[in-house]
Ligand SMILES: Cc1ncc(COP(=O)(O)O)c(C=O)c1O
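Next up: just one chain, as structure tokens, the form predicted on its own.
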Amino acid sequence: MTDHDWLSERNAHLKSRALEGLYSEKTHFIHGRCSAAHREYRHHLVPPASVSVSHKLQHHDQVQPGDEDPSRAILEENLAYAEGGECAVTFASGTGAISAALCNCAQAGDHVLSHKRLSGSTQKLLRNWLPRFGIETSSADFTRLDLAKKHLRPNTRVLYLESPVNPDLTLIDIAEVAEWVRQVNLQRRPEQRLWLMVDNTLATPYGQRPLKLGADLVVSSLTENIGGFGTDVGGVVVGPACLKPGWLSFREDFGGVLSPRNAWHFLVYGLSTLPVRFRQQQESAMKLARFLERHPCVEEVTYPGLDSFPQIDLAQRQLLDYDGRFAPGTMIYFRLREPVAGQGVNARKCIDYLANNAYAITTAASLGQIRTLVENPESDDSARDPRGLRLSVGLEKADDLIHELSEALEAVFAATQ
């Protein structure tokens, strides 16, 4: 038996066992599905790192599926499996993935309708760049579908949302929006269909799977929770195989290819450790949220795991891990009491104190890392609440984080007495 025959037989055997449901999703996060042609190695427990940006062709006029970078291809295979999609294509950033997804579902003369609140980079893409390509954009409140439906136009091709929303953690009922999209598409020709696109960065596929809830496409930043270590930048779009050629073409033509080195880190360190990281960070997040909720200097805490969360019923229905357990996530959003309504004086003081004095909590404009990060994401946007603080909970001991938050709050409010 040749090496190729042995590999084919082994892959077929492992694929059959995987598809029989003998293993859990958490195991697949580490081992993948072991069925791709690009797994051309025999004895490695860890996929070999690829640093080649060019690959040998089998035919003069065609690139074979196995000719793509193996690290990137295996990562894409595993991400598609994690989200429950037909295929995935990775990009050099999350914004690159969002751009490719939007520009393949909408073209000049079409309209994109988004939820009223989005991450800053996505807002800039919709407001500043898509209109330059002749794509109209507008927003609505997707938590009120009765009102949002009034914003739908005959040329609307995409409904775009984040859930949970960054940074205030508002949830959108994805299944409800998906049913609306289904009803709209019953009245439209296939070429005029409406696509539902969901950014799943905060929840990750471990804590929420929008495709299973009826969404058409999922986009995520790999830089945050999936990457987990704050060392690499990347993004992914997951969805139907019929859209993959367009994503690949966009990635090549707009220079959004994910580096093989970055892909290897996401594959080997990020995705494989996501379940264990997410569970631990989530446990700590619940402890911190309860502490903040009881603190007299805190006006409001928003965390999907708290009974006080305004959308607790939806959270318990939608934010579920692979075993069906509630997965409220690793992010907390809270507001401090302020001497003057509408101003964020104490929020800024709290950030400054933590930046200068904290050891375990880092002031940084990012999220989803093994380190606990805090920032005031709304301080530079007059349309938002400057009192808001976003806490991305890491892997430090929860008691240490509570200690530092307590010190910061005491220092800030002692100065106001």
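Residue positions are given as counts along the sequence shown, with the first one as 1. What you are looking at is a predicted structure, and each value in this text was computed from that prediction instead of being measured.
What follows is about the form predicted in complex with the named molecule, which we do not show.
Trainee: Identify, from the list L169, L319, L79, I98, the residue with a heavy atom within 4.5 Å of the named molecule in the model of the complex.
Mentor: After the contact test, the surviving option is I98.
Trainee: In the model of the complex, which of the listed residues (S121, N155, T231, S308) lies with a heavy atom within 4.5 Å of the named molecule?
Mentor: So the residue touching the named molecule in the model of the complex, by this definition, is S121.
Trainee: Can you tell me if L367 lies within 4.5 angstroms of the named molecule in the model of the complex, counting non-hydrogen atoms only?
Mentor: It does: once the named molecule is placed as it appears in the model of the complex, L367 has a heavy atom within 4.5 Å of it.
Trainee: Closest heavy atom of S93 to the named molecule in the model of the complex, within 4.5 Å or not?
Mentor: It does: once the named molecule is placed as it appears in the model of the complex, S93 has a heavy atom within 4.5 Å of it.
Trainee: Classify T330 as contacting or not contacting the named molecule in the model of the complex by the rule of any non-hydrogen atom within 4.5 angstroms, answering yes or no.
Mentor: No.
Trainee: Does E224 reach the named molecule in the model of the complex if we count a contact as any heavy atom within 4.5 Å?
Mentor: Answer yes; at least one heavy atom of E224 falls within 4.5 Å of the named molecule in the model of the complex.
Trainee: Work out which of the listed stretches, 273-281, 296-304, 175-183, 215-223, brings a heavy atom within 4.5 angstroms of the named molecule in the model of the complex.
Mentor: Contact criterion met by 215-223 only.
Trainee: At 4.5 Å, heavy atom to heavy atom, what parts of 265-289 sit next to the named molecule in the model of the complex? List them in sequence order, or say none.
Mentor: Contacts from 265-289: none.
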